[in-house]
Every structure is written in structure tokens, then in C-alpha cells.
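One chain is shown next in C-alpha cells, namely the form predicted alone.
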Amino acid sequence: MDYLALYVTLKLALVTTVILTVIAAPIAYLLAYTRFPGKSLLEALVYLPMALPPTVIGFYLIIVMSPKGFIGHAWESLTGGSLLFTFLGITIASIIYSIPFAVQPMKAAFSKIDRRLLENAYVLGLSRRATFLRVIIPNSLSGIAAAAVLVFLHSIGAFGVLLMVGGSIPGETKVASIAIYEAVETMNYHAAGMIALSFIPISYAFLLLINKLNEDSQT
């Protein structure tokens, strides 16, 4: 079994989950509690990766992250290296690919909070930032945890977008889904089956966790 590919997969999923848990919370707060011109356009943009084929996302990421793209060119000017075919590159791709799965559950959790709690916090003199940190976040932990689990599961199953942006470099960008694809291509069904089998208990355990979190949020 390709343990190195599994390691890269779990590392990528963990990094993606941590980063998205942090950056998705304020986006979800913005969408749940504020009104501004173009809000529906922003929300549709955030959820767009959920509707687009992974290869379409991968193609445009190649364009912007290549040495001729504005992000890739800026990165190459700063570091002298390329974003494509690196772990950083597939991390960026994974974050963009999974952001709807972080924002949507958080927004739903934030929207369920009793507005009277927020009004009381404002009456007591708490700022919006303090209310977010001291009222909204503590009362939305199950939703935030569910978002983190969904992002993790979505990240470990990513394939097309990672293959296009990162290729298949062992120990760097070759994740388990790519290892399974390559094993099947060479008719090494035993290796493909062993890697695929490792996903089942991980995914099942996380789905049980999501169900538990949903039950707790409803009680």
C-alpha cells in the first residue's frame, strides 16, 4: 500500500480543514448577519466550486498559478519557485475546492442562534467582533465541527483538481485518490483495493461524528 500517498492525503486534509475553519467563519458570519449590495452575488461566488466540475476549477487555477498568471508570477518573483506541482499549490486548490463545505454549515449554525442573545450582547456594550467571538462561536460549536468534518472528508476525496494543479509527485503532491487511479491504470488492483479500503473506516467514522453532532444540535 502507498503509505506515502496516504500521508500526503491526510496532511493535505488536515491543513485544509484548519485553514478553512478559520477563514470560513467570518465569511459565514457576513452572509448570515449582514445586508449589503451584491450579497447574493458574493454568496453564489462562495458556493460556485460546489457546482463547477473539478477539472474546470483546476484549469483556471493552472492559469492564475502558472508563471504567466498573476498569482504565479507574483509568487515566482518573491520566492523564485513555482506554485504548480507543489504541496502549497495543491493546498490552495484544496481550500478553494472545499470552501462551500465550510461556509454552508457554519452559516446554517450561525442563523439558528436566537437573535435575542445578540441583542443582549449589544445592549451590554459588546462590539460586533466581541459578540462574534464570545456569543456566536460558543453557541455554534457543533456546526463548526460539522463543517470541519465535511471539509476533511471532501479534501481526502479530491482528485481532478489536485491532479491538474499538482500532478503526481511522490511525497509532495501524490495523494491517495491519484495513487488509486494510477494503480488501476497499471491493473494493480490489489494496491488500488488496499488504498481504497483504507478510506472506508475513516469516512464512516467521520460520518458517524457528523450524525452525532446533528443530533446534539437538535436537542
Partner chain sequence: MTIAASLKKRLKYFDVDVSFSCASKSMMVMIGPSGGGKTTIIRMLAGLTTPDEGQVIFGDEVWFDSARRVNVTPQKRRLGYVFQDYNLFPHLNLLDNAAFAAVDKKEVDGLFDLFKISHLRKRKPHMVSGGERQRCAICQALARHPRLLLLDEPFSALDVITRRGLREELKDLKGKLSCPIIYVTHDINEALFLADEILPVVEGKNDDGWMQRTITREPGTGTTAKGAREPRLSLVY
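Positions refer to the first chain, counted from 1. As the structure is a computational prediction, the values presented were derived from the model and not from experiment.
This protein has a second form, the form predicted together with its partner chain, left out of what is shown; the following refers to that one.
Look up in the model of the complex whether Arg128 has a non-hydrogen atom within 4.5 angstroms of its partner chain, and give yes or no. Taking the distances in the model of the complex, the answer for Arg128 is yes, it comes within 4.5 Å of its partner chain.
Looking at the partner-bound form in the model of the complex, is Ser82 within 4.5 Å of its partner chain by any heavy atom? Judged by the heavy-atom cut-off of 4.5 Å, Ser82 is well away from its partner chain in the model of the complex.
Heavy atoms within 4.5 Å of its partner chain in the model of the complex: does Leu78 have any? Answer no; every heavy atom of Leu78 is more than 4.5 Å from its partner chain in the model of the complex.
Flag Ser142 as yes or no: does it have a non-hydrogen atom within 4.5 angstroms of any non-hydrogen atom of its partner chain in the model of the complex? Residue-level check for Ser142: no, no contact with its partner chain.
Give a yes or no on whether each residue among Gly157, Ile169 and Glu182 has a heavy atom within 4.5 Å of its partner chain in the model of the complex. Not a single residue of the candidate spot has a heavy atom within 4.5 Å of its partner chain in the model of the complex.
Among 67-75, 117-125, 143-151, 91-99, which stretch sits within 4.5 Å of its partner chain in the model of the complex, heavy atoms only? Only one stretch passes the 4.5 Å heavy-atom test: 117-125.
Taking heavy atoms and a 4.5 Å limit, what residues of 131-161 are near its partner chain in the model of the complex? Contacts from 131-161: Arg134, Val135, Pro138, Asn139.
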